[in-house]
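A single chain, nothing else alongside it, follows as C-alpha cells in the form predicted alone.
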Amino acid sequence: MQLYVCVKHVPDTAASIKIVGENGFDDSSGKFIVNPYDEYAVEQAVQLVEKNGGEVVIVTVGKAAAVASIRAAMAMGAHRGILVTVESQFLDSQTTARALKAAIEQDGKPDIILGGKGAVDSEGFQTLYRLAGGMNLPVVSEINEMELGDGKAIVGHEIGGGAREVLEVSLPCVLGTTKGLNEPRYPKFPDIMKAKKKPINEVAIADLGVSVDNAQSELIKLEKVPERSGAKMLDGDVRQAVEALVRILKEEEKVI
C-alpha cells in the first residue's frame, strides 16, 4: 500500500506566542511539534503498513524548520518525507491543499491519504476536504474507527447527540483522524536515530506550479486573547443574585 500522511508543523499549545507586527509571530524561539491530530494519522498509517505491507510517506507544507516534524513522524515508523517549502507563516487552506495535491501526484499514486481532522493553530478544518475535492476522492473526517476491506475502508465517527455513523469508502480516499482511533506510539531512541537517515525530498512550492499569490483568504491581524477578569461572588438570595447577574451581563460584559 502507498499511504501518504499530511502533517503540519505547529507551535506547542503550551508555548508562549509573541506577536510580531500585525499578522505574524516570533517562530524562532518557541517550541514546535507535530500537530497532535496528525499523530493519529501517522500511527494509523504505520499500523496499516505493518499489517499489509507498503510505504508511509509524510507530506508537509511549511518553512524549513518543519523538517523536525517530518523526522518526528519518521521516528514513529514512516519511511520518507516530502517538504514543500514556503516562506509564509500562514497559508490559506486552498493553497495548502493545492500544494499537497501537487506533491503527492508528483511522487506517486496513493491508496489512502490520511491527516488530522484539523490543525491546532489555525483550526480551519478545511484542508483535507479541499485536497479531496481537488483530487476527486471521497473524504471522511473525524474518524475514530477504521478497518480495511477489499478495495474499501470502513470508518466510524461521532455525528453529535451520542449518535455514531459507520461509512464504507472506496479506495483511494482521504481520511481525517481524531482522538480515539489509536494510541500514537512514543518513539524509542534507536527509532529517533534511524529517522535522521531517512530521506526527505524538499521542493519549493513554486516548483510545483502552485502560486501563493492567489489565496482565497488572508490573515489580517493577530491579537492576544485578553486576560479574563477574576470571578465575582454574587450575594443575596436567588432573586437578588439573578438580578445582579443580568445587570453585569448587560452593563459590564455587554453580552445581552
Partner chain sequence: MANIGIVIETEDGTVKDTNFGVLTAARGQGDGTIIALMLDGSADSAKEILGKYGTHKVVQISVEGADLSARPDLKARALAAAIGNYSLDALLGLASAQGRDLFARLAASMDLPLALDCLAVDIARQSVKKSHFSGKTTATVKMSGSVMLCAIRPNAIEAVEASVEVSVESFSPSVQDPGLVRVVEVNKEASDKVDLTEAAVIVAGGRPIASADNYAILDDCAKLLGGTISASRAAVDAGFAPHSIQVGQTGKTVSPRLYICCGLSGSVQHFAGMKTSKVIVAINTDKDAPIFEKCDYGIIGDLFEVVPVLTEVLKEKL
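Residue numbers count along the first chain shown, from 1. Every value quoted in this text rests on a predicted model; they were computed, and no experiment measured them. Heads up, when I say rigid core I mean the largest set of C-alphas that superpose within 1.5 Å between the two forms.
Form predicted in complex with its partner chain: not shown, discussed below.
- Contact with its partner chain in the predicted bound form, defined as any heavy atom within 4.5 Å, is confined among 213 to 221, 58 to 66, 41 to 49, 196 to 204 to 213 to 221.
- With the partner removed from view, the residue among S88, Q94, T85, N182 that has a non-hydrogen atom within 4.5 Å of its partner chain in the predicted bound form turns out to be Q94.
- Proximity of G77 to its partner chain in the predicted bound form: non-hydrogen atoms within 4.5 Å are absent; the residue sits far from the partner.
- At a distance threshold of 4.5 angstroms between non-hydrogen atoms, V20 is out of contact with its partner chain in the predicted bound form.
- With a 4.5 Å cutoff on heavy atoms, G53 does not count as touching its partner chain in the predicted bound form; it lies far away.
- Taking the partner from elsewhere, E105 is found to have every heavy atom lying beyond 4.5 Å of its partner chain in the predicted bound form.
- The partner is not shown here, but in the predicted bound form the stretch 145 to 183 reaches within 4.5 angstroms of its partner chain through a heavy atom at E158, I159, G160, G161, G162, A163, R164, E165, V166, L167, E168, V169, S170, K179.
- Here T13 does not count as shifted, since its C-alpha moves by less than 2 Å between this form and the one not shown after the core is aligned.
- For G236, the Cα coordinates differ by 2 angstroms or more between this form and the one not shown after the core has been superposed.
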